[in-house]
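Only one chain is given next, in structure tokens, and it is the form predicted on its own.
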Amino acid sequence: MANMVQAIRLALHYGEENLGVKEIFGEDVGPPLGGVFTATQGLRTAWNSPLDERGIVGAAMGLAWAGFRPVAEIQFVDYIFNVIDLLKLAANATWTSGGRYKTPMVVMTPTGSGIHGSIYHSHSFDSIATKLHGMKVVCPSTPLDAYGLMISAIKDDNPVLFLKPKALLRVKGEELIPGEPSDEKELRSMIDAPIGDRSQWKPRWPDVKEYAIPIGQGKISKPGADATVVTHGRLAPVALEVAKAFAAAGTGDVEVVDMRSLVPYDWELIKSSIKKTGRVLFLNEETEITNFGEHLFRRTVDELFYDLKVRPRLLCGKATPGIGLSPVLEYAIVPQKTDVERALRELLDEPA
């Protein structure tokens, strides 16, 4: 099975061959590296830009307005903060032009903690991204979802911010991408460059197929009747693991909603799950003040108050300027598996 970074690479290759992608660029995106996480390794239209985030996003905007479908990468989301004004301009374009100017560009960037990257390589951008009204925002938690969301992002006429959870990029999936060889060693030999001299290496791309996940469509990772967890990205597999353990131990039947898309988001899916269980935990790794989960929390109280059995809960990151280098500090700042277990026990144990 492909891991997430391989899935993204396969989707970009499909975009080159079938969806008109002619420009994939960013810092170290081209040969020989193919991106710091190798998401663009071997792609024929990938090239290295200067170390200039504003130049990268500005070029993507210009190409999109000229009729291209560029895919630009910011090497780490921690360095996207100096282009918020440009992202906002891209997000505004279609609306302010009355629909005359489409902006079909994808900006992908690794986000979140989990790799012990300290203060400059551990930020999340989810909540700020959701305030860039006019820009779609996706964040997958599995390789197949990453493939399907990237296909949809490339095809979309709106700007799409594709958030890649850093800690999940090397995690293998449990479902085959359409056209992917079933032997993971065969896939590696086909599309992963060898260590060392890569000057003569060329990938042998599998015949991957069209597979698009509609932006704005969440999924139920695990059905349940006693409580709901609403999450996305890096913490979605954690929530799923805890939910399965609770079910096996007979301590609660937890439903896991993986949002996959933050803007637009699948409120109907979230609402139906909360109405079914009456208990909900919103889970993400963003800092707690002005957290996107707070918006979902507010909407739940406004619209579903009388369907709730107990008060909703939000489990998220601490309000710190960044993530500490020490694993102890990182684990204390960002929710871990034990935190999810504790929060779910409290949610399930509270009398209705």
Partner chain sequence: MAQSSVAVSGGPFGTMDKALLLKIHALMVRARVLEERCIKMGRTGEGYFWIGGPGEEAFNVSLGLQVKKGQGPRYDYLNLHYRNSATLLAMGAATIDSIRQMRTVATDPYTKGRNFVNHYCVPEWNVVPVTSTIETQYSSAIGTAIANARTPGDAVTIVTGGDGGTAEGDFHSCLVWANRPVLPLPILIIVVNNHYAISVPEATQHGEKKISDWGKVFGMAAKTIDGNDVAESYAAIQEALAYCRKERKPYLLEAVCSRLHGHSSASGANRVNEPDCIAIFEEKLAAQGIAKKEDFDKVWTQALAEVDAAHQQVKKEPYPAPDTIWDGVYFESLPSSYPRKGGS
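Positions refer to the first chain, counted from 1. Not measured: the values here are computed from a predicted model.
Absent from the display: the form predicted together with the partner chain. The rest refers to it.
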| property | result |
| --- | --- |
| Which of 282-290, 320-328, 62-70, 304-312 sits within 4.5 Å of the partner chain in the predicted bound form, heavy atom basis | 62-70 |
| 4.5 angstroms heavy atom contact with the partner chain in the predicted bound form for residue 43 | no |
| Partner proximity in the predicted bound form: residue 194 to the partner chain, non-hydrogen atom cutoff 4.5 Å | no |
| is_contact(residue 202, the partner chain) in the predicted bound form, heavy atom dist at most 4.5 Å | no |
| Non-hydrogen atom contact residue 38 with the partner chain in the predicted bound form at 4.5 angstroms | no |
| 187, 171, 89, 240 - the one with a heavy atom within 4.5 Å of the partner chain in the predicted bound form | 89 |
| Heavy atom within 4.5 Å of the partner chain in the predicted bound form - residue from 99, 223, 179, 214 | 99 |
| Joint contact, 49, 265 and 268 to the partner chain in the predicted bound form, by non-hydrogen atom at 4.5 Å | yes |
| Residues in 271-300 close to the partner chain in the predicted bound form, defined by a heavy atom within 4.5 Å, in order | 295, 298, 299 |
